[in-house]
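Only one chain comes next, encoded as structure tokens, the form predicted on its own.
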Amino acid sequence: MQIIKTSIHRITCLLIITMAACIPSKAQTEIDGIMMAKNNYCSGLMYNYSSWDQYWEGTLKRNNLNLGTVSTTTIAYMGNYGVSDKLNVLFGLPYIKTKASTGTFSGLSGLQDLSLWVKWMPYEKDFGKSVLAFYAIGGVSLPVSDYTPDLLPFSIGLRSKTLSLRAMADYQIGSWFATVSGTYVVRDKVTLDRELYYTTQLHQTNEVAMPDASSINIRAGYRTGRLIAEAVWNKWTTLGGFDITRNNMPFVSNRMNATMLGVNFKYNLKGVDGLSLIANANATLSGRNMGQASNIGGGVFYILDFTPKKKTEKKADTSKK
């Protein structure tokens, strides 16, 4: 028990979950420059494995032999529906399990937060062989289980309701593209299972005010109807909070910053129309109160077309006249 307490006091939290969703032709995620076609629904499962054995305690990089390697396994069901060619609704629901390679604590597991996004493309313009598009994305997330955020780094999430607003621009020339986006995340307070806690001062309450956060995402690569290969750079910044002090335990409202670099791949199978295979990998380049994690994942997604048959047939007949 003493080993567990010492470990928790001396290690920080990794809570960035890399989640890649639908990447079929004309559809991907809430953070890329592709839209799902009207009445099409893409859904599937994504698997991710993330691990680290070194972390930043504030800006000090260190390790903890009492825990060894801390890992997070995520299985997420995700979907994207095309309300129209310019308006998509997306969701994601992950099941998460955490553990350490050393020590007696077995980690935690359970359903985390349901995330919902609305993705709107108000502007798209062709310039010869190039296309420029702008997007506005809004999202919310809320916990779906009674997990605790107060046992970091083993907690499966922070249990804070969030509201995110994102602006994005995408430019493609031929088969090459670049996408830039910026996001602001508003985070609601968190309730703990105790009536007293200490940050930089004593708080005699079970409610914790959470600092907001922002992120910048840049991706570029090769994109066709069959294949997408891209490099992704992401910077996550907590706008407030405090550092983990020496040998103290991580806390839900710590300042958690991370810069990550990775690659994503998607391939639409020729033999099965609408079936896509996904693969990704990334690594943490720098951080603050975060684990220096590496991540690898993959998934399978399939598109269902819910376009009414009668309307489709009528449109086809009209086009022939």
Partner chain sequence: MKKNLSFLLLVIFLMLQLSCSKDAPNTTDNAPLLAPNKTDIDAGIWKPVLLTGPTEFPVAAPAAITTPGYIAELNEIKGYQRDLTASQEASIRYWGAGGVLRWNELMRQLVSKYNLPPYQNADGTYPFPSANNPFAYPLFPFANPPYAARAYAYVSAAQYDALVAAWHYKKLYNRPAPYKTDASIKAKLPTSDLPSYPSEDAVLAGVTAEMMKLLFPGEIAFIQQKADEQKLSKIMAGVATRSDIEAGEALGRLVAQKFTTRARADRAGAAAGNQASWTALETNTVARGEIPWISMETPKRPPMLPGFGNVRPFLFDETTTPTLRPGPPPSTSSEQMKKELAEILDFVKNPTPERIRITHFWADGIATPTPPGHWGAIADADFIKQGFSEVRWARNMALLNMAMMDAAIVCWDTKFFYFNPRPSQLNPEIKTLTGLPNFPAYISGHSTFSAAAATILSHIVPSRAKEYDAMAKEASISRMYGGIHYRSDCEKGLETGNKVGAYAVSRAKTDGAD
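Quick caveat, the model's predicted, so the values are computed rather than measured. Positions refer to the first chain, counted from 1.
Keep in mind that the form predicted in complex with its partner chain is missing from the display, and what follows is about it.
Student: With the partner removed from view, which of 221 to 229, 125 to 133, 81 to 89, 173 to 181 is the stretch that lies within 4.5 Å of its partner chain in the predicted complex, judged by heavy atom distances?
Tutor: Single hit among the candidates: 81 to 89.
Student: Would residue 191 count as a contact of its partner chain in the predicted complex, using a 4.5 angstroms cut-off between non-hydrogen atoms?
Tutor: Looking in the predicted complex, residue contacts with its partner chain do not include residue 191, since no heavy atom lies within 4.5 Å.
Student: Give a yes/no on whether residue 210 approaches its partner chain to within 4.5 Å in the predicted complex, heavy atoms considered.
Tutor: Yes - in the predicted complex, heavy atoms of residue 210 and its partner chain come within 4.5 Å of each other.
Student: How about residue 277 - does it come within 4.5 Å of its partner chain in the predicted complex, if we only consider non-hydrogen atoms?
Tutor: Although its partner chain is absent here, residue 277 would stay clear of it in the predicted complex, with no heavy atoms inside 4.5 Å.
Student: Can you check whether residue 66 is within 4.5 Å of its partner chain in the predicted complex, heavy atom basis?
Tutor: Yes, residue 66 is a contact residue.
Student: State the residue from 163, 114, 216, 169 whose non-hydrogen atoms include one within 4.5 Å of its partner chain in the predicted complex.
Tutor: Only one option qualifies, and that one is 163.
Student: Does every residue of 148, 195 and 202 put a non-hydrogen atom within 4.5 angstroms of its partner chain in the predicted complex?
Tutor: Yes, the whole candidate spot contacts its partner chain.
Student: With the partner left out here, which residues of 87 to 110 have a non-hydrogen atom within 4.5 Å of its partner chain in the predicted complex?
Tutor: Heavy-atom contacts to its partner chain in the predicted complex: 87, 89, 103, 104, 105, 106, 108.
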